[in-house]
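Single chain ahead, by itself, as structure tokens, in the form predicted on its own.
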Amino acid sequence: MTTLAQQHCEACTPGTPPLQPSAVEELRGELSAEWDVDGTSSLHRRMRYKDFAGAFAAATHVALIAEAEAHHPDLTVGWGRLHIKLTTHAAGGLTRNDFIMAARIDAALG
């Protein structure tokens, strides 16, 4: 079986169904414990860095992954911190793509 970090996002269209709670729970087990799940609507991860440059570099790395996957998280960068929020707007909640992106972020940033 391919790990989530080795998979690629697939295009979603309006009306794509969000994941059921049981699927969210199952996929959540494949991510870093640092990800918080907001029901079936979004994934969040807050990361700390020693300065603004570290947070900005991490955000840039996430942005490059997101662009390659055509699945774009909301990023908030501040001095020494990065907040990542993943959701699939076309589905109105979480899809497998969000977990793939989270796993790719885990692999890239630790």
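What you are looking at is a predicted structure, and each value in this text was computed from that prediction instead of being measured. Residue positions are given as counts along the sequence shown, with the first one as 1.
There is also a form predicted together with a further copy of the same chain; it is not shown, and the following applies to it.
Contact check for 53, 60 and 72: all three have a heavy atom within 4.5 Å of a further copy of the same chain in the model of the complex. Although the partner is absent here, residue 67 is a contact residue: one of its heavy atoms lies within 4.5 angstroms of a further copy of the same chain in the model of the complex. Although the partner is absent here, residue 39 sits far enough away that none of its heavy atoms falls within 4.5 Å of a further copy of the same chain in the model of the complex. Not displayed here, a further copy of the same chain is approached by residue 81 to within 4.5 Å at the level of heavy atoms in the model of the complex. Although the partner is absent here, residue 47 lies well away from a further copy of the same chain in the model of the complex, with no heavy atom inside 4.5 Å.
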